[in-house]
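Just one chain is shown here, as structure tokens, and it is the form predicted alone.
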Amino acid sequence: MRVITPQQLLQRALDNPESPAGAMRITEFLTALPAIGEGKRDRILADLEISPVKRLGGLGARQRTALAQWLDTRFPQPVARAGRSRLVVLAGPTAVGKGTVAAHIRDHHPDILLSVSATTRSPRPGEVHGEHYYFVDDAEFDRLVADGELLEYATVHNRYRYGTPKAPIEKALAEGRTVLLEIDLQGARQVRAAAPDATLVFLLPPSWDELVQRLVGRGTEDAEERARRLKTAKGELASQGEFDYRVVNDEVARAAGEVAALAR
């Protein structure tokens, strides 16, 4: 199942009340949204004056308007911006496959330069210094920050620091090349602040269950770390409205092709 926005699902329900979307109970709809538990769900229904037995396709006119306005406030839709540069940012929740999609773009779209980040974490099996990351110690990372050599940097999952070296990006952009940054949400926000004309692309999983499976199946984190990252991922998914485009990573080559097309 492809991920769609809550607003798109609501519109499907209203367009066809007999469809699966129309038959979905309002309680199921709300608890499927990021960071909405049963207690918060019940408070939202009370505020919107919607009965918990209601189905999406059976909402009254006032209830439809109230729910739509709440969704737009909670999950704002991205607004296309004119005058973008050739700097493209790819971000998304943990374990969504950003690195895999970015690597596919690097290998199959040579006109797009994939930026190499610096990090204080140790290499994973198969990772090469200078190709996948610049692996540095804390002292060197401190120097990069102090000397203003990073476009963005952040501490990820309260453990390791990641940052994007500025010089290679500036050189490539000056040569007229398209540059792709594969970074986390914190970094994406810093890039938007530093370079408002950058294009931001949010990578989505096909479903929440698939995201959980990807993280568990990766086997690189212990149970405590997985639980922490899943909690973080829920908050990250709720931030997709800050981005210019959304791409679903249901198949790597297809998703990479879509990101590459947006980059151009």
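These numbers come from a predicted model, not from an experiment. One rule holds for the numbers: they count along the sequence shown, beginning at 1.
The same protein also exists as the form predicted together with a small molecule; that form is not shown, yet it is the one meant from here on.
Note on the interface: of 166-174, 68-76, 102-110, 179-187, the segment with non-hydrogen atoms within 4.5 angstroms of the small molecule in the predicted bound form is 179-187.
Using a 4.5 angstroms limit between non-hydrogen atoms, K98 touches the small molecule in the predicted bound form. Though the partner is left out of this view, Y134 does not reach within 4.5 Å of the small molecule in the predicted bound form, counting heavy atoms only. In the predicted bound form, no heavy atom of L144 sits within 4.5 Å of the small molecule.
Shown alone here, A154 lies within 4.5 Å of the small molecule in the predicted bound form, counting heavy atoms only. Here the marked residues K234, S239 and R246 all miss the small molecule in the predicted bound form; none has a heavy atom within 4.5 angstroms.
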